[in-house]
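Coming up is one lone chain in structure tokens, specifically the form predicted alone.
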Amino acid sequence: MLLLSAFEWLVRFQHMDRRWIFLGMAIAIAIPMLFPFTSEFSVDRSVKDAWQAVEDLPEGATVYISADFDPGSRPELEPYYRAVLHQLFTKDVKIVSATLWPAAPPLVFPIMEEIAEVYGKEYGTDYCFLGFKDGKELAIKSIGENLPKTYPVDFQGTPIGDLPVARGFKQLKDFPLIVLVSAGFPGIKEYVLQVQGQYELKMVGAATAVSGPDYIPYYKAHQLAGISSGMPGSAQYEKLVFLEHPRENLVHPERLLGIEGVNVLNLGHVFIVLLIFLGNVAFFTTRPKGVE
């Protein structure tokens, strides 16, 4: 079989068992997972602006985070969510967080609690999680108008007035920055339509790759100060926080999930492009002469 001519190899390639393709794709995916590496890539202006909006916050400020994603969108958005939490805690910025997605609380709060513990942050003083609120656009409008009325207690049942980190924040406009981690509806679009223009809020967001392009007009219109889209955006944000501008007190995580994910995507795409190229070479090389 090794002595087959190049022509015969190309003929066989066109009739290759599809299981070899599946095996090749599995190997392309497994390599960056088993042997993590950092590839070179540029950072989009919109992602740099989102990072800069957090960097511009003064020490001791308090931000509002709406973590609106679920397990299905976790691979794309969790890396950004983790990176921005590291960035905020290293700046000693306090966090008031909530969600409009019912599946989010058991996912997002443990991540926040884990990273807060790394930096010695105390619940109620340095950060809090208000939990899930149903109502979609109406809930967003209510949060914008009166936060304590919308969330009289946190997700553990503690009155919001007993949480020092949330005292004095009656409306969303009281926060210098709103961070939106959004997998869809309700999320970034609804925040822009319901409260951004009315209260002139400064907001940054992270979205899935499929919905990210929909928010570029808001970024261009300065309704969003910055936007991260999909796994590439999360990887770029990780690059800014952990590799290009690490703070002295930054605790570097064992894995950079966004960068690992982008490497998986890149190798998988290279494998697919290679198959397309070889398939075309095989087809045009082995077809009978005179056949159009």
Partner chain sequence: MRTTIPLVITFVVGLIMLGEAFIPHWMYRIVTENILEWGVILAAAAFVLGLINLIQVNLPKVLAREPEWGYKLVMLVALVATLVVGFMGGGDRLSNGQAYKWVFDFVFVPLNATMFALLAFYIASAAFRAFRARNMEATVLLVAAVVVMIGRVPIGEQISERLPQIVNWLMEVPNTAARRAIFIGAALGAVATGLRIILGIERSHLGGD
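Residue numbers count along the first chain shown, from 1. Under this definition, the rigid core comprises the largest set of C-alpha atoms superposing within 1.5 Å between the forms. This one's a predicted model, so the numbers in the text were calculated from it and none came from an experiment.
Although it is not shown, the form predicted in complex with its partner chain is what the next lines describe.
- Although the partner is absent here, L138 is a contact residue: one of its heavy atoms lies within 4.5 angstroms of its partner chain in the predicted complex.
- Taking the partner from elsewhere, N266 is found to have a heavy atom lying within 4.5 Å of its partner chain in the predicted complex.
- Contact between F155 and its partner chain in the predicted complex is found at the 4.5 Å heavy atom cutoff.
- Not displayed here, its partner chain is approached by K189 to within 4.5 Å at the level of heavy atoms in the predicted complex.
- Residues from 231 to 262 that approach its partner chain in the predicted complex with a non-hydrogen atom closer than or equal to 4.5 Å are P232, V262, in the order they occur in the chain.
- With the core held fixed, the Cα of L267 is displaced between this form and the one not shown by 2 Å or more.
- Core-superposed comparison between this form and the one not shown: the CA of Q52 stays below a 2 Å shift.
- Relative to the displayed conformation, the Cα-Cα distance from T90 to F37 grows by 3 Å or more in the predicted complex.
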